[in-house]
Structure formats: C-alpha cells, structure tokens
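Okay, so here's just one chain, in structure tokens, the form predicted on its own.
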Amino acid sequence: MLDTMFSSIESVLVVSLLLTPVISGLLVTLLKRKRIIEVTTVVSSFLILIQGLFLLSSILEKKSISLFDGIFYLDSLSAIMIITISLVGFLSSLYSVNYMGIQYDKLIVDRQKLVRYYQGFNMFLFTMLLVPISNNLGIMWIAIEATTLVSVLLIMLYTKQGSIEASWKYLLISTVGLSLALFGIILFYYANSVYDNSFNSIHGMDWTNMVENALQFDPNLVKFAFIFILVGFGTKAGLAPMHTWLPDAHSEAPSPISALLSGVLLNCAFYGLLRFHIISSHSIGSGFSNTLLIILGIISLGIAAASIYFQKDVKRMLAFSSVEHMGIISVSMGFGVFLGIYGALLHVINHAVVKSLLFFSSGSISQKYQTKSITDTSGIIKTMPITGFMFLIGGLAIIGMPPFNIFMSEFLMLSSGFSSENFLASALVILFLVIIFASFGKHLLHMVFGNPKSEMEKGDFGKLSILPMVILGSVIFIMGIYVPEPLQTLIEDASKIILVGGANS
C-alpha cells in the first residue's frame, strides 16, 4: 500500500514538506534547550526550502501534479506560494536566533516562552504550506483558519495588554471573515454538486473538479458565492475596508513573525481568493470578479495612503504598507490581462522579500533604540551602519524606486492598467502611490539620516541578524534588473492558469 502511495518522488517530497515542520515542532517540545531548539528550527526550515526547490523543479517540468487520489494538487500557482513561504520561513528562522536570543538575554522572554515561540513558528510554517498544496477547498479553508489560531498565540507571546488586545481583535475579525468565506465555499460546493450529483463524493469540493464543471454552475449563485469569498478571504488578506486587525497584529508580533504575517500569510489568504476567482471566471467570465478586485484594491490603496502619512509607529507604518501592496496585487489581478496578472504574481514575491527585509531591520532597530516610535528613531545609518543601509534599501524598494524589484512589478501593473483601458483606476493608483511615496519617504529619511541621540552606542547586532538582511537585499537588487528564467516560466504558467475568460494583453 505504501508503495502505491509513494509511487513518485513528488509524493515523497510533499509528505516530507509537511512532516518536516511538524517533527521539528515535536523536537522543540521535547528538547527545550535554547541552542538545540534554535538549531532544530533553522535546519528544518532549510530542509523545507530545499524540498520546495525540488518541488518547483518538478512542477516546471510537469506543469501540474495530482497526488494521493487528488487530495493534493500542485501547479505553478502553488509553486509560487511554496517557494515564497519556504524562503521567507528559512530567513525568518535564521533571524529569530539573534532576535529572540537578545530578548531571552534581556529576560523579556523566559525559556517557556522561547519554547512556545519555536513551537508556534514550526506549526505556522506547517499550516501555511498546507494551503497551496490542498486540492480540496475545505481542507484549504481549514489550513487558512489554522494559520489564524497558530499566529494568534505568536502575537500574544509577550502577554502584554497591547499584544493581547491585538490578538483578540485579529482572532475575532479573521474568524468572522473566514466564516463568510466558508459560506461561500459551501455555495460553490452546492453549485458543483447540483450539476454532477456529487453530494456523496469527497471530490465534490476539489478545486480541479469545480473548475472542470464551472461552466454549468448557476451564474447568480456563483456571483453570490464569490462575494462571500471576496469578503471572507479578503479580510484575512488585509484588503480594506476589512483590514482593521492588520496594523495592530503586525505591530505587536515579534519581528520575525511580523515578516511571516506580512510577507506570506497575506499571500496565503489571497491565494485562496485567487482559486475561487479562477472558478468564477470559468463559470461567468472574469468581468464580475475583476471589477470587485479593482474596487477593493483601490480602496486599500487609498486607506493606506491616508494612514501612512499620519503614522508614528514604524511597525504600524509597515503594516499599512502591506495593505497598500495587497491592494496593488488586487488591482493588477483585476485588470484581467496577461501583463497585469504576471505583474501581480511577481509582486507577490517581490513584496514578500522587501517586507521581510523591512521587518527584520526594523526589529533590530527597535531593539537598539528601545522604541518603535518614528520620531524617536533617527540617524540609523550612523548608529547601525549595515542595518541602516538595509533599512534604506528596503524603504526605497517598497516605495517603488528603481532599480529595485518592486519598481518592475508596479511598472508592469500600471502598463497593464493603461493597455486594458482602465484609465480611472490607473490614475487613482498613481495618485495614491505618489502620496505614499512622499509620506513613506519622509519617515524613511528622518529615520535613516536624522541626528541620533548622543548617548546611542554604535554598532550592529550579530552576524545572524545581518546575514538574512544581506540575502534579502541582494535578492531585491537582482530581481530589480533580472528575473531568473525558471521563475519567469513559473509566473507565466501561473498567469495562464488565472487568465481565463479575460482579454489578452
């Protein structure tokens, strides 16, 4: 039986990919010694990255892989998510060693909380990895809901009033949102089951099955169901106006967790939304869902533009920046042409890399300055030369300055907006991006080049704090001028999966 189940290298890789963080979490629970649980988590995260790269290679060759009687299904869209989660997960585990080590040395966290942190870290990776490989949309929903439950425990790690309030707010709003998404999934399942009478089949909720039958769905039911999906998964993805949990949760979490929340968790929720966008587009054409994606994207950009200007807390500023970039991805996807979808998927990767760099560097800066206040943080480049330089690189990249990676994906997004004749939406995007550029740039210049307090001790933190930032900074620069061919192929294949019923560029 096992020979049948593990008949291919891909089936072994998928099971290994899921088991690695689980086993690592168990080892952390059993061993509990600081150095051992740090090494265990870094090694397991590295193994996840290697396994992700092997899966990427297989998907590039075979285009799609169905495993274990269709329970798991991987295509290029899944691969983009897996490689993003794996990369940010590994670098976050590496950065955690120094970041949490300092907190442990300063008695901010004790051994019990440190163990809880690494347990949660591993389980967080497990739940996020389960999302893009699940073919059954019910399992995918459970995985996304599980990310909420695990990440809530990480956000409230410090058990301070602010972190507990942020955790409850996040739990409440996300759970309500995901409950609406579940209702939308049930409606899609009903539409599918009515067509092929699959009420008793476990495959009635499979994404592949729904896409195949989508043309036969009741159009009104599809529209109704997609609205629930959009509001539900949009809440979790941080799209405005359902984003209210995000600034509190991202600012209260430990910085490596903030990087995971902002860099990949939001993408996981948007991935769920995209899978239903594809089904809806197959069923009734892409116009309905594209319009809704553009509207929510524009609202997200507008709220982010107004909020970033008034921010006094650096992590809250980065959190609102995440709302902005999820808005950019949503608008670009909503333009519905190949160039826009390609740009949106490239932006998913670019934003994950840049935002992780910013949360890592801001985490080190907050530890050095003992504050998250923008006003009280100045002259970083003088007090922490390498970290300050990396924060500057991340800041310039996030506001879309060339030659960094975000510029390229935003350029593709705007080009697709004009080529698809979405002039009003494109003009509003440009207006909001200019406001964000000025607001974020003003805060960035003050923090990096201002005058530091004279009593500040100069120097960066340890190598394990710097190394992940240097890797991310290098990726940001390289991706700004060159997208590796395998990645180009992967994004092109994923764009073709999404582009159904829409206009061609």
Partner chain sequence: MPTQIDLLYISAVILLIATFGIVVRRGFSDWLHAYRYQTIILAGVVALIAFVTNIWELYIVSALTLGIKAIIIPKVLFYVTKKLDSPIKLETNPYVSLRISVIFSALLVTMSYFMTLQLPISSDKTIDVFLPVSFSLFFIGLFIIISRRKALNQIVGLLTIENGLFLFAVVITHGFSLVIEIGLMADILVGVIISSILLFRMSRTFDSIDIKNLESLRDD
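These figures come from a predicted structure and were not determined experimentally. Positions refer to the first chain, counted from 1.
What comes next is about the form predicted together with the partner chain, which is not displayed.
Of the candidates 121, 335, 320, 391, 320 is the one whose heavy atoms come within 4.5 Å of the partner chain in the predicted complex; the others do not. Contact with the partner chain in the predicted complex, defined as a heavy atom within 4.5 Å, holds for exactly one of 309, 73, 168, 407, namely 168. Contact between residue 183 and the partner chain in the predicted complex is found at the 4.5 Å heavy atom cutoff.
Proximity of residue 217 to the partner chain in the predicted complex falls outside the 4.5 Å heavy atom cutoff. Residue contact with the partner chain in the predicted complex: residue 339 places no heavy atom within 4.5 Å of it. The partner chain is not drawn, but in the predicted complex it has a heavy atom within 4.5 Å of residue 202. Residues of just one listed stretch (322-330, 415-423, 96-104, 158-166) have heavy atoms within 4.5 Å of the partner chain in the predicted complex: 158-166. Although the partner chain is omitted here, in the predicted complex all of 176, 187 and 190 have a heavy atom within 4.5 Å of it. For the stretch 123-156, the set of residues having any non-hydrogen atom within 4.5 angstroms of the partner chain in the predicted complex comprises 136, 138, 139, 141, 142, 145, 146, 149, 152, 153, 156, in sequence order.
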